[in-house]
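Let's start with one chain on its own, the form predicted alone, as structure tokens.
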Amino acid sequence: MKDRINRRDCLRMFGYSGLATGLSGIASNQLFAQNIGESSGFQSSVIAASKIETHRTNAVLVNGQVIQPQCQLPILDKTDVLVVGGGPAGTVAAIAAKRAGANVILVERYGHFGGLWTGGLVLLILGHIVTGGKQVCQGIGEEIMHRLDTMDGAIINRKPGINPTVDAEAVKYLMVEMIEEAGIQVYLHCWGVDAIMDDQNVRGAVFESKSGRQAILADVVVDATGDGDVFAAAGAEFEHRSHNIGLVSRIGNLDRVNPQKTPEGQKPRRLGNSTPVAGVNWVNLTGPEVDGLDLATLTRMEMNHRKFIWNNMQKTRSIPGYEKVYLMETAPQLGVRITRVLNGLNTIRLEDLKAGTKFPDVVGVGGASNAEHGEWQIPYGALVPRKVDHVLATGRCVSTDIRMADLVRLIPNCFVTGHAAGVAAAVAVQDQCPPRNADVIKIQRILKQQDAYLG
């Protein structure tokens, strides 16, 4: 029998038997299900004593060089469509592929869905409307927004032609709900670290987690990592770019500000914008232009930004009338905007936006930041690598010229490319062909059936 010590045993050992009895009485009146909600108290068990990892394949030091030996990886799972990354693009891709009839696995490196939308606290939704206030982001992305409408405290400024703002926790909850409704297999806390290759064909991906290195096999992989981690590992051609890296924060008690106490000309800067939570703003931070793939740079940005945000808040609190304002949180995810961008069969270009180019393989339509221009089409070829097969890009790392990248990476446009990638992956699986040979007319038909707007 396993050794076991629960909270009552622990308290008894330390002489708090009376308190333990009281806690036990409270716990006995609570009903709970395994793994859901409240438990009866802290407890721990020994799963295995004196255990040694038996599947180790350690890197070894040979003549001053670190050598990684060849090893056989355990196969965690197999599926039709594997979506790597659970941000706005990846979540929509997984739901779209499942609704199109494919078996789907969604893998996310953090413990929540939404990517920078939630974990990065990028709460403003912009990029979905065009001149005249027309909304071009439809389909599953619009379904998410509509469902946020029905939730208390989930979204504000949800009006035609306006850029709304969401609550991150509401989005995290809703994405879990929609993924479970779709019946998608999920693995969280897994970091995609390699592509599984068969010649020029991607056959799955390797993941690193607390369970070690494991493989998931798939007929088609959708790279929704934001950084193109999978297609880069597979040898697909890409452009490496620098961009500004920031860190978003939330500040509270803005409803307790007394501006009458503030001397003229001393109103603080960087107070951000409203959120669905009263008195709470989200504050963006542009940050410097750096390489978001460089480990030392990421570390420096993280530390410098947190220091800057804290010190800036102390300056704000020193201003009369703003003493009660405080720093609620800094985002757990650093605001990396652009790193790798696929070199695809086609590219989203500013010239095509200006010319209003219509593509025969259109799989989505993007908008403007503040309705300052018209709609622009997304060609299917922007999701497809030039040579590597059985992998599709989606989100901010699809093929786009540098002048369009700041539109492509916006949340609604990530919805759109995610929707397209998910449907295309399902079609490729069903027709037993690589995504580059998938029937675009069939993809377009299913997208329209799923309420996507194609122009």
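Fair warning: this is a prediction, and the values are worked out from it, not measured in the lab. One rule holds for the numbers: they count along the sequence shown, beginning at 1.
Beyond what is shown, the protein has a form predicted in complex with a small molecule; the following relates to that form.
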item	value
Partner proximity in the model of the complex: A97 to the small molecule, non-hydrogen atom cutoff 4.5 Å	no
4.5 Å heavy atom contact, G395 to the small molecule in the model of the complex	yes
The small molecule contact in the model of the complex: L410, any heavy atom under 4.5 Å	yes
Contact flag, F308 vs the small molecule in the model of the complex, heavy atom cut 4.5 Å	no
Partner-facing stretch of 146 to 154, 294 to 302, 359 to 367, 224 to 232, counted where any non-hydrogen atom is within 4.5 angstroms of the small molecule in the model of the complex	224 to 232
Position in contact with the small molecule when the complex is considered in the model of the complex, options S274, Q185, Q200, N284, heavy atoms within 4.5 Å	N284
Proximity to the small molecule in the model of the complex, single hit among M328, L73, L124, L350 (heavy atom within 4.5 Å)	L124
